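Consider the single chain below, provided in structure tokens and representing the form predicted alone.
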């Protein structure tokens, strides 16, 4: 009897270990609540150091909720829910298109509350997908690399700059690898919609041996340490949070247009504790009332005035329009064109 029980436990552990490794995890941390007993499992693209102040503030209001926080790339967050059926209670991602697909394909629960009702209509979709930040894509530059070169203010300026100084920028440009980064793919497809110069810029960057990255954080680090002159389409919130601790870097928001990503949360169908997921959604939906958290995280909250902020702002809208470039044929065509422009095999 004891042997059969041990065998059953061992089999369960091996099955769990196999399941846990099905999607790739970047990091994870468990946050004990002061009087825990209730557990919320979150999978998110936001780095631990960025999201931790939100978790700690949340637990001050809800001291009974332990938080199991897992960080993964936007593609892996999608895989965790869509392919592996992981029982997370909340999925948070910067890739609006992948989140929209999860909701559209029936992988998200419907949730309504006073907090979500107060969100602007453009910041939610089907009462299943809820935005809580608005974050622009920017260019981040090395002050040293641009000390004798004028800063570009538009993409056309950047194209001219790369043509005039190819030797200065060869091997010193960074951007997302859109084949593996969900956020990078989102920004790239939005660029292609917003300007005819996108493909010319991509071809130039390809000829100058651009380095490809999964994440904004490593690009910013490589700029600060002199390995890059600039990085294109970096998440502005990450760059802003690093400015005070990382000398020698500067944010350049383009004047022609700024793609603004909405970071979103959804409660997966597979959630074991959807009620706790809803409590966290409510907390995130009210970040615009928590100014101290905005300062700590660098995450700009949802603003009702986004349409009035700047003529250059191009908020990416939630909805079925985001699914166009997720169509297999459309995606394959885009990635083939991108790979050819970037001269990537």
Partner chain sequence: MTPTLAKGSIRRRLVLQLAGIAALLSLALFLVVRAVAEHAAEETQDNILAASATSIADALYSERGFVRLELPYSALSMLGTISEDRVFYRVVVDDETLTGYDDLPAPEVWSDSRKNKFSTLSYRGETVRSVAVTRAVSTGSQITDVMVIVAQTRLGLEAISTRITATATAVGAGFFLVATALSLLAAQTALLPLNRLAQSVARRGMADLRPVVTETPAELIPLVQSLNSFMSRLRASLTRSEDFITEAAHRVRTPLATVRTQAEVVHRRQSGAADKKALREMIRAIDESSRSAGQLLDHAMVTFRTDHLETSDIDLGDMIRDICDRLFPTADLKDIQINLDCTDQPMPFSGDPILLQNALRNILDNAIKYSPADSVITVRLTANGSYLIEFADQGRGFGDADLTQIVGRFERGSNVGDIVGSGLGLTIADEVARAHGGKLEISENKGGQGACVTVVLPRS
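Because the structure is predicted, anything quoted here is derived from the model rather than measured. Residue numbers count along the first chain shown, from 1.
Omitted here: the form predicted in complex with the partner chain. The next part is about that form.
S.K.: Does the partner chain get within 4.5 angstroms of any non-hydrogen atom of residue 257 in the predicted complex?
M.R.: Outside the cut-off, so no.
S.K.: Wondering, does residue 203 line up within 4.5 Å of the partner chain in the predicted complex on heavy atoms?
M.R.: Taking the distances in the predicted complex, the answer for residue 203 is no, it never comes within 4.5 Å of the partner chain.
S.K.: My question is simply whether residue 24 lines the interface with the partner chain in the predicted complex - judged by any non-hydrogen atom within 4.5 Å.
M.R.: Flag for residue 24 set to no.
S.K.: Using a 4.5 angstroms cut-off on non-hydrogen atoms, would residue 193 count as touching the partner chain in the predicted complex?
M.R.: Contact with the partner chain, yes.
S.K.: Please identify, from 139 to 147, 87 to 95, 126 to 134, 203 to 211, the stretch that has a heavy atom within 4.5 Å of the partner chain in the predicted complex.
M.R.: Heavy atoms within 4.5 Å of the partner chain in the predicted complex occur in 126 to 134.
S.K.: Let me know the one among 103, 159, 251, 224 whose heavy atoms come within 4.5 Å of the partner chain in the predicted complex, would you?
M.R.: After the contact test, the surviving option is 103.
S.K.: Are there residues in 24 to 39 with a heavy atom within 4.5 Å of the partner chain in the predicted complex, and which are they, in order?
M.R.: Nothing in the stretch sits within 4.5 Å of the partner.
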